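We give structure tokens for two forms of one protein chain below, kept apart as structure 1 and structure 2.
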Structure 1
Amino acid sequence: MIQPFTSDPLRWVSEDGQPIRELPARFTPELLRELHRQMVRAREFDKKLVTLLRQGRTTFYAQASGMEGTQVGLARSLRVGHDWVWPYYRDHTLGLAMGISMMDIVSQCLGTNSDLCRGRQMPHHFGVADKRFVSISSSIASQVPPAAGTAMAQKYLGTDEITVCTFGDGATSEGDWHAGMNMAGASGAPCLFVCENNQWAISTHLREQTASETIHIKAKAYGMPGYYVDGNDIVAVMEVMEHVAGRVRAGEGPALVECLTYRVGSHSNADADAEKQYRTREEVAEWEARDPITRVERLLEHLGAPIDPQEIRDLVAAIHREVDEAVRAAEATGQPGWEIMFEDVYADKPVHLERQEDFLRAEQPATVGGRA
């Protein structure tokens, strides 16, 4: 029923919220409200963090607004804490929906003592061991070969885990993307590759990125099935992921899922004036009309279970409070001292780093704190 290599994206719910295939039974109004809540939570998180950024309290942020259907849908198809995830830098919505706390994400964005990653990386590059959500590397597509490796380990160890590896459309041009995809294919390891195709890589449109018509077709090069799904239709995302993750888990080898979506915000704070530079307001408006959150609201209306606008307003207010509280709690832990710089380079600190630390100690006043 769910076929790879379709010419159009698989879709269950039309852009105006009407089911165009039979709605699977699990999509009860309760589930849809829960998905809606998670998507709104991520959307509002984006807004609050952009404000934080404008206030200069963090230095980088990459919104996923518009991509909630894809990321929340994917999160629901994982066995959180069991399956491994090699994500990319725009996956905080995925992380939130997987149950990573706002505190953990915000702490990483602020580089506070509460940051599990200890302030090492620029904002938005978090990682959480107990969710098996591997800490993000900025180097585009560099997560793809390691994801293949983790899946190979899972196969070798005989686990029933799978590995999920996400990336943008632009990432598919990197040599490492190919290296990882081919390795996964050749090894038959349980890896689920998910392309969050938001059609732009900073200012470069997919049409300039590659001459191939779609991303999922590239799966042919690796002998794996490639699925094409409307990434703004969370029902479709969940149905396809469920099916494909099931295949992968069953040992049928890796697979690629392309989720067609759009980033309605700027690439990052660095191109806040994107529409003046490389894309039209019309294009953005067109995609705003296909918004994954509105689509679920319309679907609920269609199902006769509309969400009360007041409920949404309350939800938004609650989320804002949740973010504020996470920010407050994170900031309250303070910034890590300079000593932390020399930890985690190696399992044990070699002599030359001890010497460099001593040098800096003589220069810097001692700082208090550091996560226990």
Structure 2
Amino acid sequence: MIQPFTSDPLRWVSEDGQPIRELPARFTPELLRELHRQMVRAREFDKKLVTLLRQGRTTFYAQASGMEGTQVGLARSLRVGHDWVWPYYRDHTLGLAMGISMMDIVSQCLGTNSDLCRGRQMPHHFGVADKRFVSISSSIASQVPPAAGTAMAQKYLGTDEITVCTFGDGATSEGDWHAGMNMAGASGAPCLFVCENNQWAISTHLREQTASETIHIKAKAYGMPGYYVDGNDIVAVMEVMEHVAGRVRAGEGPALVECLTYRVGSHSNADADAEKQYRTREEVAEWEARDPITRVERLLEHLGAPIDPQEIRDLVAAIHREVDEAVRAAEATGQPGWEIMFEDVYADKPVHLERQEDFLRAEQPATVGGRA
């Protein structure tokens, strides 16, 4: 039975790969291998994007290595393209696991013509309409009130959709978070709030930003259940998320799930050096030993279906080729021109914008063939 407000995180698999509850029948070696592949794919994508950042081919990136169990587990519990997702800026693993193409994410990070956002959004802040994955924002907790509003609309319209809103632990110290939680709780909106608690809001540890013992306990203030799960145990994440999503979809109101996890990399490229000053090597090493990918590998060993090391090396090499091809294809489309400032904004372009566009066009230097 999955109960809310537990004192310890719910867990199905220990850090050494031993089941500590009866393993649900659906977690066959085949499914566990697929989950492992998705997590490794996201981890290697993470590494490759850091390389692009260091090469100056993009200007911002927020790593998610160490958090794959939470994000892949959540993705497997959604009705992709049916439910709405209001993500936060570290959710590319969630996006990949939902089926968003690597090409779309890479194009957005590079700001090329193949970018669905047309190069207008900050790098690593993608959105994909057909997945109902709303564009990421860097303003902390700014996605929470509109997520609550989306869920209120779903209730009003009587759909069987739900809204999923993710955020880091730092967002729970923002006024927008409390406002959105209160709106959803008061209206009974079908919203699943997910705190990806990686324990650091840039350089501020969780203990320094809240006196609350945990995040999920805060759900009591808004009249909703709060669940506490080991975010590095993908079996636990999937079991809890599917249970809670089913509850929300059945019209029982919103819920909050706190996934206890850890980002082993820096907050972003902005603090790549500073993070060595606010976190100890021992702390990072302790959480690296709790790696969600390693836990699945150990579970498969326990089940008598280990993954051969060569198989993992081949998988990593294939993922590197996939990322490299996405980068080449994205860069081959070129950079957006100045004209995009006047496109996709109004159905009927106002006269003042037409005049501005004509003025800028006249100012462009002549090119081969006489075009301006």
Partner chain sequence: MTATQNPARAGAGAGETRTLTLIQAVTEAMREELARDERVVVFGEDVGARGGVFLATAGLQAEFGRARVFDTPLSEASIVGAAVGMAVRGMRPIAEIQFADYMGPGFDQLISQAAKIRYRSGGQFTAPMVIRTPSGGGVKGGHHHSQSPESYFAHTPGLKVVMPSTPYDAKGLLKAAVRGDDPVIYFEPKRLYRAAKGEVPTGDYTVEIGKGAVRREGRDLTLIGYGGVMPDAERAAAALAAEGVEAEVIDLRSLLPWDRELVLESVSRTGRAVLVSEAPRTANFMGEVAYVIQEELFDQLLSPVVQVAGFDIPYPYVQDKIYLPGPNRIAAACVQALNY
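Fair warning: this is a prediction, and the values are worked out from it, not measured in the lab. Only the largest set of C-alpha atoms that superpose within 1.5 Å between the two forms is called the rigid core. Here, a residue number simply tells you its place in the sequence of structure 1, counted from 1.
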Answer check: the form predicted alone matches structure 2
Kindly check if the Cα atom of Glu15 is displaced 2 angstroms or more between structures 1 and 2 relative to the superposed rigid core. no
Distance moved by the Phe359 C-alpha between structures 1 and 2 (core-aligned, Å): 4.0
